[in-house]
Ligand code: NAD
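Only one chain is included here, represented as structure tokens and corresponding to the form predicted alone.
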Amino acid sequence: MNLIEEMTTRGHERVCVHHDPDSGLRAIIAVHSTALGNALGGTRRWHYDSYDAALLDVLRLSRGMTYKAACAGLDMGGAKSVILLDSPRQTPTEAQARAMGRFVDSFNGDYIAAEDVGVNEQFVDWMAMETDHVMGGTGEGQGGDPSPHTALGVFRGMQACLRHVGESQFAGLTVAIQGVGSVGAHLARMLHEHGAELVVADIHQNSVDEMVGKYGARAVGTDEIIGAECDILAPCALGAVIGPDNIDSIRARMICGAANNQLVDHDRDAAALRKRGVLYGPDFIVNAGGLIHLAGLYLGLTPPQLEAKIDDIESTTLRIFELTDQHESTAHAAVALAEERIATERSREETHAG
């Protein structure tokens, strides 16, 4: 993969690769845009098949963060980082976390790190020993685990999906959740409390067993969940799970989940879903709750303001659906909304500079 070409094509401002020999840390930070402000985005620890796979992941994720912040009305840019693990489920160490903190600190605040897959509050606390530019730890004002806020945003997005199709209640509906980790489990609780029947799948059997025991969920295999018969399909694990290989097998009426980059190809697959009559809640719209919580705290928003902004995910999702008549798909409409806000801000800055 040609990094310069990929950066140019995707509109990235800065991509840095780092290796810390003492701790063994190998990491990439990708800053997509700072047009709206400093860029906040999670740090993902993952075992990738190749360096190119890691690079593609961080480039896609960071661009998604730009759109997520823009559509959420936050004065924040978009960025993301990945830590490349030598083996799956490699044990996190304080040395690597602190090395990552120093890497983040070298961006002088242009990039603010946070939690993502494979990173918990302890890891963030270790990073915070080396940089002030990190959110999601246990320290005062750090925001803690963003998962409940992400789940609440997805729930609001689902409410928008229901309203768009003329429904209002989850009671009597079936929701299939792919991935019941930290976010998926919170989402399952909320849906159960509102009367939904649950179908769940996860690579970790203990997580599945917990959902079956607590909420009476029906467990299916990870290879069955995308095609499960349901009203709403909620991808809440990793990305690139919906594409040409399985779109025709989807039996859900709506897709609304927490995973980033759910579509293998954003443009092609969103259009294919619309053609099949499946309502797609764009991932970077509906999963913005965690970002709103952490970025809002960073920007000084009060708890009531944060709560209101997460609730606004419902109205933003509805607005996307209303705009879709002018675009090829809901995903295209969401990107257009984000780029419109960014272009407006750049124009304002150019006017002031002149």
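Start at 1 with the first residue shown and count on from there. All of these numbers come straight from a predicted model, not from anything done at the bench.
Below: the form predicted together with ligand NAD, not depicted.
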Exercise. Specify the contacting stretch among 106-114, 210-218, 236-244, 165-173, defined as having any heavy atom within 4.5 Å of ligand NAD in the predicted complex.
Key: 236-244
Quiz item: Here the chain is shown alone; which of T317, T43, N287, S33 has a heavy atom within 4.5 Å of ligand NAD in the predicted complex?
Solution: N287
Self-check item: in the predicted complex, the residue from V183, M127, L191, M135 that sits within 4.5 Å of ligand NAD by heavy atoms
Solution: V183
Quiz item: Might A79 be said to contact ligand NAD in the predicted complex, defining contact as any heavy atom within 4.5 Å?
Solution: no
Self-check item: ligand NAD contact at H204 in the predicted complex, heavy atom, 4.5 Å
Solution: yes
Quiz item: Wondering, does Q96 line up within 4.5 Å of ligand NAD in the predicted complex on heavy atoms?
Solution: no
Quiz prompt | Contact test in the predicted complex: A259 vs ligand NAD, heavy atoms, 4.5 Å | solution = yes
Quiz item: Within 142-156, which residues come within 4.5 Å of ligand NAD in the predicted complex, counting heavy atoms only?
Solution: P146, S147, T150
